[in-house]
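Given next, in structure tokens, is a single chain: the form predicted on its own.
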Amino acid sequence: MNSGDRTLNVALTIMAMLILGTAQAQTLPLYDDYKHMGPATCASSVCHGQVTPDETANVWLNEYRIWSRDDYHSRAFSVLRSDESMAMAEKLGLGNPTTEKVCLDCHTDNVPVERRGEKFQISDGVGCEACHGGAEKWIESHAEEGATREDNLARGMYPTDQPEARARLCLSCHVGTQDRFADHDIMAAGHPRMSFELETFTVNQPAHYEVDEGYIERKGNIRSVNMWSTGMVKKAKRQLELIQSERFTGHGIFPELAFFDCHACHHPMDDQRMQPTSITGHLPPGMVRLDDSSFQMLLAITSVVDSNGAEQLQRQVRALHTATTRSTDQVRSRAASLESTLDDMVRSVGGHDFSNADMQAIRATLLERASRGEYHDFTSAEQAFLAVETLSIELDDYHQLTDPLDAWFDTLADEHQFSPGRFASVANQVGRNVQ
């Protein structure tokens, strides 16, 4: 190996460490060992409650106001008071949703009573510490002169800047865990279908920080493409973990239907959706397929950055689909095998140094597959659009594609009126605009 290769390997190793964070995953804030002091602790005008950003500080210091006024997380508890939530609770045989653990675990920072500080209020919803970790040990020290990010992490701050850690945190509610999960019963009672993509959801939340020189010096700069690709791997891995858990068993003779493609069943009988794809193989007519949207996106990524990995991924996902025609035990066995493959993919994909050529090729692959109808289910179509949008922003040619992307987005405006043919046709038009 020559010196140039060694230099490149060192650079890529540093990038992978930055992307993936520490080797051992940090405890999620809900389960940490620290008291959660409550958003009010951060709300004063000398802390994070200023009216406008402070240009002399290395953070804005108006973060509390942004959260309380513009961030949907601050309204998560109040949603539980709505007529719709009350009706859902009644259908599920629950009491008041504002006191039920199954609701509070994701609609609030529902830490145990003994870990709630004096200003903590469950009605604050998903507050600062639900993401940043219990502030008991770092609330004072993090503002001291000379305080470092490493000091804060050692005192219990959660590393939301790291893609792998951010994905674990967000997915713990937006996909679920063994302990908290929006199952088919909850959705049948009225809860919206679960849908998540890490980078898009991050960007669409009102920003309360700026990736400037100071931020990069403290935390590094994670590119959108790496946040997106890491989120895809972690989401797929979480699905496989849950399939192997008791959550997949469901009720009676049925498995847990929340793991499957919702729209395979929820569409008019005269709307023929049965259509094989390269990743499903030829499932028998009438088989309800697992939600494979994350794997569809990973297949597009690996086809560019790791062709051997793409072939292995396609074989294993197809085997997972086939297993659903046989037995629960075979599904779990295939899920375990595929999860092992994704463990390696976290590093090869999440830590990949994507070139412009890589991103252009991935985008072209997504558009080509969309054009020939590979993403004929709404969930995969939704993820394909979000992926192309993210890549176009990263490639800095989004402004040239605004009109065709807007037209493509319009095909996803109503999931109940989704037309696979129209989605494919407009994808073809978008593809012609990027060539």
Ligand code: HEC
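This one's a predicted model, so the numbers in the text were calculated from it and none came from an experiment. The numbering used is simple: start at 1 and walk along the sequence shown.
Beyond what is shown, the protein has a form predicted together with heme C (HEC); the following relates to that form.
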Is there any non-hydrogen atom of residue 310 lying within 4.5 Å of heme C (HEC) in the predicted complex? no
Answer with yes or no whether residue 351 is in contact with heme C (HEC) in the predicted complex, where contact means some heavy atom within 4.5 Å. no
Answer for residue 325 alone: is it within 4.5 Å of heme C (HEC) in the predicted complex, judged on heavy atom distances? no
With a 4.5 Å heavy atom cut-off, would you call residue 42 a contact of heme C (HEC) in the predicted complex? yes
Using a 4.5 Å cut on heavy atoms, which of 298, 331, 362, 103 is close to heme C (HEC) in the predicted complex? 103
Heavy atom within 4.5 Å of heme C (HEC) in the predicted complex: which of 319, 346, 173, 242 fits that? Just give me the one. 173
Looking at 302-310, 120-128, 351-359, 277-285, which one sits within 4.5 Å of heme C (HEC) in the predicted complex if you count heavy atoms only? 120-128
Using heavy atoms and a 4.5 Å cut-off, decide whether 224, 338 and 418 all contact heme C (HEC) in the predicted complex. no
Can you name the residues of 136-167 that have a heavy atom within 4.5 Å of heme C (HEC) in the predicted complex? 160, 161, 166
